[in-house]
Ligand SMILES: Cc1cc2nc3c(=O)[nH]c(=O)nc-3n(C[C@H](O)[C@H](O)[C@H](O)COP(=O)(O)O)c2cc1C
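Here we start with a single chain on its own, the form predicted on its own, put down as structure tokens.
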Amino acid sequence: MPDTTYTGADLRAAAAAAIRAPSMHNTQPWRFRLCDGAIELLLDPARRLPVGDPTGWAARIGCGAALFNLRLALAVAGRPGTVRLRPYPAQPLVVARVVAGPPRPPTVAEQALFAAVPRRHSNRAPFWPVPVSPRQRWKLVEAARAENAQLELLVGAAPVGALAEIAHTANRVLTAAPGYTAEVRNWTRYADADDGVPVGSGGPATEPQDLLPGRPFGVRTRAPGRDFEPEPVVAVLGSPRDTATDQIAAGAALQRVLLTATDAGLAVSMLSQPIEVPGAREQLRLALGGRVGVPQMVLRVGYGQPGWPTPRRGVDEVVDER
């Protein structure tokens, strides 16, 4: 009879992959524990951004992305699990509970996505002038659909320009909010650290002519002629609704899309300012005609040099084996 419980070794191996997930400002808002032979993922409220993420949306997106990596690691180890999101109504910080299922060999697709986990990095630099093929775009759309999400790709000056206007308006609202700039600065790293965004990973400093807004993590000035692409491929990821459970599931869909892009040799950066401002988010939803449901993330997709990794806390700091 197959073992239907996870061990401390399973927990640590899965957490080692889960911590490679992206999170807003690289706050890493997750913890992991064993509970009656199951692995549970918890949101760490101490790592939620009080100014940039007052509702916990970004923390739940990050935890959902970590959950996808965790699921993938267990599947590749031949020990896939069954996931229940927010299993305890009285304990909203418990994001998910993963119960061991029957052992099976991993699929080729699971192995390919898992191999992309350590290679996935946000690329905040300008992309090369190489078009993204229709086949690669289709793969990204299908990756979102596999997680019950929708991905709408915007191509061309008019739709991308409309989104850029919404994004810049949202960015101005955020920048004017009390404490926002200080919070971003607080998570910018100028020396070695195990969280936050190093200035070397932050991309070049933003300039007035940039089509899309960026966070002020980067300090490097770009060389002449190294402007961002004038017509990037921009994608909007959306979920059917906007409950806490939907946001966690959207984080898992986001990570599947990011790993699919990495496996295809694509570079991606995330743009969440239009999601963080409620009015901008609603404007974006209406502009898309409801085709993605509720927008949960905006992505810039293309080809470029490999992104720069951001640091992570060690497994020992985020797991509880009791």
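These numbers were taken from a predicted model, which means no experiment stands behind them. The numbering used is simple: start at 1 and walk along the sequence shown.
Beyond the structure shown, there is the form predicted together with this ligand, which is absent from this document and is the topic of what follows.
- Picking from 148 to 156, 241 to 249, 114 to 122, 161 to 169 the stretch near this ligand in the predicted bound form, with a 4.5 Å limit on heavy atoms, gives 114 to 122.
- For the three marked residues, N26, A58 and R215, a heavy atom of each sits within 4.5 Å of this ligand in the predicted bound form.
- Remark: T262 does not count among the residues lining this ligand in the predicted bound form, judged by a heavy atom distance of 4.5 Å or less.
- Within this chain, M297 lines the site of this ligand in the predicted bound form, having a heavy atom no more than 4.5 Å away.
- Shown alone here, L72 lies farther than 4.5 Å from this ligand in the predicted bound form, counting heavy atoms only.
- Although the partner is absent from this view, Q283 stays clear of this ligand in the predicted bound form, with no non-hydrogen atom inside 4.5 angstroms.
- This chain appears without its partner; in the predicted bound form, the one residue of M270, A287, L34, L266 with a heavy atom within 4.5 Å of this ligand is M270.
- Interface residue among A143, V95, V197, V236, judged by heavy atoms within 4.5 Å of this ligand in the predicted bound form: V197.
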